[in-house]
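Below, in structure tokens: the form predicted on its own, a single chain.
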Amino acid sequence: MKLLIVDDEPLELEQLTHLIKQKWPVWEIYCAEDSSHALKLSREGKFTLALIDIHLPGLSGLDLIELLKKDQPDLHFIITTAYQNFSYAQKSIKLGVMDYLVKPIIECELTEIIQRFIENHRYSVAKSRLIEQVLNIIDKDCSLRISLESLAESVHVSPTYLSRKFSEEMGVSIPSFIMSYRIEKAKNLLLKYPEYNMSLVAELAGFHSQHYFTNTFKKYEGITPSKYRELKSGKYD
């Protein structure tokens, strides 16, 4: 699924991306700090869901929604705001906004709203019970060695069939999904447990060595795990 997040605060964009990626690591997330950038992104590709701050420089979030709906009539919206204002709520309803989040955004509320969107609009991360089983195994056994063969054996299908089925439904291969999932898990561990050393984080996220973890993390994030913790420390408390 492709998400658009619009907020003029870089920290808010970073936090929302972080929270969503923890739950849905393979979703594509695009960020914009103002309406003009959001409209540019909208014209370059189709989105499923947009999270938009009401208070933006220049064009307001509600005005932006009106323009985005012209570009993408099927796009769904969640409003984010630091203020509870009845007039905003009225206009949001007229625009067909599905829900709103009051800042500071709480993780469980964000997850609940997105999950409700998934259920109400019949959008599913996994369309079949088979792939749901595989996702549950990956989540439960993330710290262990996981292979296509072991997953196929667990769900009683051939590796070839599982590989094809997973790619069809998830839009990514099993190895790529697992690696993205582990990187997101590691990022969460780095921030949530500052007392954990790199060796423990690597082990809990499913990397067979600290050296491999560090190299892979840098490849995905552009910085080492230690630098990531240093830069992000305190931002998600």
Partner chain sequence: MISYDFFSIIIMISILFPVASFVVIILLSFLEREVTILEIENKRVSLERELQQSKFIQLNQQIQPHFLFNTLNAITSLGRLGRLEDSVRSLESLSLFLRYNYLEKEPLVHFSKELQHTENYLRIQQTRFGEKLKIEIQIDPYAKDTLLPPYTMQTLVENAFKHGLEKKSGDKVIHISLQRQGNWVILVVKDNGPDYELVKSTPPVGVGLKNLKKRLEITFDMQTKLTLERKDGLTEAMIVWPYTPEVEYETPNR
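Just so we're clear, the structure is a prediction, and the values are computed from it rather than from any experiment. Residue numbers count along the first chain shown, from 1.
The form predicted together with the partner chain is left out here; the points below concern that form.
Enquirer: Would you classify residue 46 as touching the partner chain in the model of the complex, given a 4.5 Å non-hydrogen atom cut-off?
Expert: Heavy-atom contact with the partner chain at 4.5 Å: absent for residue 46.
Enquirer: Spell out, yes or no, whether the shortest heavy atom distance between residue 107 and the partner chain in the model of the complex is within 4.5 Å.
Expert: Residue 107: yes, in contact with the partner chain in the model of the complex.
Enquirer: So in the model of the complex, is the partner chain close enough to residue 194 to count as touching (4.5 Å, heavy atoms)?
Expert: No, residue 194 is distant from the partner.
Enquirer: Contact between residue 11 and the partner chain in the model of the complex at 4.5 Å, heavy atoms?
Expert: Close contact exists here: in the model of the complex, residue 11 approaches the partner chain to within 4.5 Å, heavy atoms only.
Enquirer: Could you check which residue among 169, 33, 203, 184 gets a heavy atom within 4.5 Å of the partner chain in the model of the complex?
Expert: If I apply the 4.5 Å criterion carefully, the residue I get is 33.
Enquirer: Using a 4.5 Å heavy atom cut-off, which stretch among 173-181, 54-62, 38-46, 23-31 contacts the partner chain in the model of the complex?
Expert: One stretch meets the cut-off, namely 54-62.
Enquirer: Can you tell me which bits of 16-33 touch the partner chain in the model of the complex, meaning any heavy atom within 4.5 Å?
Expert: Contacts from 16-33: 18, 19, 33.
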